[in-house]
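Single chain ahead, written as structure tokens, the form predicted alone.
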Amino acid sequence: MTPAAMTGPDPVTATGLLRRAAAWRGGGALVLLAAVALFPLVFTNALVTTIGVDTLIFVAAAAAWNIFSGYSGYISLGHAVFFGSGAYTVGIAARDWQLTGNSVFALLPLAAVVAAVVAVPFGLVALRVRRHTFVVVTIAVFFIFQLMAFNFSFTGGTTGVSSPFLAWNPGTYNDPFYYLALAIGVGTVGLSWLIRGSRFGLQLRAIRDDEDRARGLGVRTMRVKLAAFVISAFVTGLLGGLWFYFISQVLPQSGFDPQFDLSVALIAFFGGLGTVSGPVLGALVLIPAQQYLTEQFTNDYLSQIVLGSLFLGVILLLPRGVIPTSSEKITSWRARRSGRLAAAGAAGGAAAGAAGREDPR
């Protein structure tokens, strides 16, 4: 057996394969981004572009949710608190400050800041408990905020808050929202990628794997969890403000909607919890499907039942998500293929050696 066969795969070849895989991923991301950017120019139907805006909002929302829940392992079912807070912030501010026209979009950063501020006391209370209890606490806080929206006078109660009129061309009305959502989505996915590769992301994943051990190794777990929670809330509040202008109204049951929390969790689990591209894949597949189900079922509760059943099926059948499961299958297939090639090469070498020994010359 040759030394190369004894030492395993050629390092140069392995490095080349890694570079090729990275190039394919980068090229695929660029192609996808170009296709998404051209989407409203090719498909001009208002219904189609509306689905496109909703999909991009959930791409960003799921990526933001994944920055906290996917990397830390603390599953939040209360992110609608930040989404609704952002929506109500821009709605109340635009109403009370009498803002009109495009100037209302200057309030979007305010929506993000308010959601981040809300996340601080929320996180200080909820993150003191362990993961299973944390889920219950987030649900309880969510219902508190929904009840406040129903009962406070400045939120408009059951009538909600309406957005200022935007005098845009009806034929391209959705396009500005689409490209704003695209910019936020690209920025959030990029932020998720940076966090995952950083020391901060490593600390979050250490907390996910074993929080007590991470604390013993010097990770300030409460500070790290709270920072990720606030970052996630900041982006979610920004999206809530954008969604408010797109829908033109926010009501307690729509701003603080439990289906929002279920959707972002399902998207992340479906694509791959704790991965960068998982929430993107999940949103691109599930949100158009959800919109289709909503149109098919006149009773909205039926679509929620189907969505909940799908969530349960993903948890049971694809607990790690589509992307991690697919990656494992591809890696396993490559390993088996490499093993067969190596075995064939070894058998060929042995046969050649035997023939050489039998050569009468």
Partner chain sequence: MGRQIYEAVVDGILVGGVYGLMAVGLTLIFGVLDIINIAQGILVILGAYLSYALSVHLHIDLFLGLLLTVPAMFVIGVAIYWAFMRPLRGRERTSMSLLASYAVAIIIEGILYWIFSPNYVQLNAWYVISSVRVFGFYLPYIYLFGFALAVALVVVLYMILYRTRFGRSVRATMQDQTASRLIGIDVNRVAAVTFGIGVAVTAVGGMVYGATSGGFNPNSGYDLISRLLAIIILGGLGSIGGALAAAVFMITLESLVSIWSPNWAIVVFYAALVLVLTVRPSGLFGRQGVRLQ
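Numbering follows the first chain given and starts at 1. Remember, it's a predicted structure, so these values are computed and weren't measured experimentally.
Absent from the display: the form predicted in complex with the partner chain. The rest refers to it.
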Taking V129, V135 and F143 as the candidate spot, are all three within 4.5 angstroms of the partner chain in the predicted bound form by heavy atoms?
-> yes
Check each of L41, I305, L30, I330 and return the one that places a heavy atom within 4.5 angstroms of the partner chain in the predicted bound form.
-> I305
Spell out, yes or no, whether the shortest heavy atom distance between P319 and the partner chain in the predicted bound form is within 4.5 Å.
-> yes
With the partner left out of view, is S309 within 4.5 angstroms of the partner chain in the predicted bound form by any non-hydrogen atom?
-> yes
Spell out, yes or no, whether the shortest heavy atom distance between L281 and the partner chain in the predicted bound form is within 4.5 Å.
-> no
Would P258 show up as a contact with the partner chain in the predicted bound form if we use heavy atoms at 4.5 Å?
-> yes
Among 72 to 80, 216 to 224, 171 to 179, 236 to 244, which stretch has residues with heavy atoms no more than 4.5 Å from the partner chain in the predicted bound form?
-> 72 to 80
May I ask you to list the residues of 238 to 267 that have any heavy atom within 4.5 angstroms of the partner chain in the predicted bound form, in sequence order?
-> P258, L262, A265
